[in-house]
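Next up: a single chain in C-alpha cells, the form predicted alone.
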Amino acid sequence: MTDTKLRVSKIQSGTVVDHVTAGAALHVLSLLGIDGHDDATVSLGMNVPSDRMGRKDVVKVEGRELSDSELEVLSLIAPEATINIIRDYDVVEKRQVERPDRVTDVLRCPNRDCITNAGEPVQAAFAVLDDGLRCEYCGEIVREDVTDYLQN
C-alpha cells in the first residue's frame, strides 16, 4: 500500500473520530453504544501509523453525527481525538474534543459501598480532575483504566 491510498474509504455522511489513542477504538465504540447489533455502519482502523502519535486508532461512523455530550464523554478516553463531521463526502466541521467539568450516568463508581452501587435511584456523577475522575458521592478517584468503569 502506498501513502496515496486510503486504508478505509471515505464516508458519505457521519462522524470520523481521528487521533484516538492506539488500542482504544473498541472502548470508543462501547462508549457510543455500538455493539454490532444495530444498523450502524462502522469502519475501524487500529494501530494505524501517525506522524503525530506514532500509532493511532480511527473510528468512522456512517449516518450519525455525535452530540456534544457524547464528545465530552469521549474526551475521557480519547483526550487527543479530532472529530470530523462529514456531509456529502466533505468535512464540514472539524474540532478537538474538550474535557467537561462533570459527567453523569456514564461511569459506575469503583467503590462497591458507594450509594450509586446500592440500587438507589441516583445517577453516578463524577467531577473531572486534571489527573482523574472523582465520584461526587463517595469521593473515590479513578485515575487509570477509566474504560473499565463505563456503564453499558
Partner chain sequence: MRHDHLLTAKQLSRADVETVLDRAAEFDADLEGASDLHAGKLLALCFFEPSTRTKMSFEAAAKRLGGDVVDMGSVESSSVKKGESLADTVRVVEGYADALVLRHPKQGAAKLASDYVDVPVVNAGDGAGHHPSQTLLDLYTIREQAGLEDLSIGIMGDLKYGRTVHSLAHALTNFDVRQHFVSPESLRLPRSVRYDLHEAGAQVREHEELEDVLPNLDVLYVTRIQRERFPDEDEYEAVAGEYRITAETLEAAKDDLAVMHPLPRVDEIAAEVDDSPNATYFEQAHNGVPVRMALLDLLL
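Numbering follows the first chain given and starts at 1. For clarity, every value in this text was computed on a predicted model and none was experimentally measured.
The same protein also has a form predicted together with the partner chain, omitted here; what follows describes it.
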Q: Counting only non-hydrogen atoms, choose the one of 45-53, 61-69, 30-38, 111-119 that falls within 4.5 Å of the partner chain in the predicted complex.
A: 111-119
Q) Quick one: is Arg143 in contact with the partner chain in the predicted complex, heavy atoms, 4.5 Å cut-off? A) yes
Q: Spell out, yes or no, whether the shortest heavy atom distance between Gly23 and the partner chain in the predicted complex is within 4.5 Å.
A: no
Q.
Would you classify Arg134 as touching the partner chain in the predicted complex, given a 4.5 Å non-hydrogen atom cut-off?
A. yes
Q) Can Cys138 be called a contact residue for the partner chain in the predicted complex at 4.5 Å between heavy atoms? A) yes
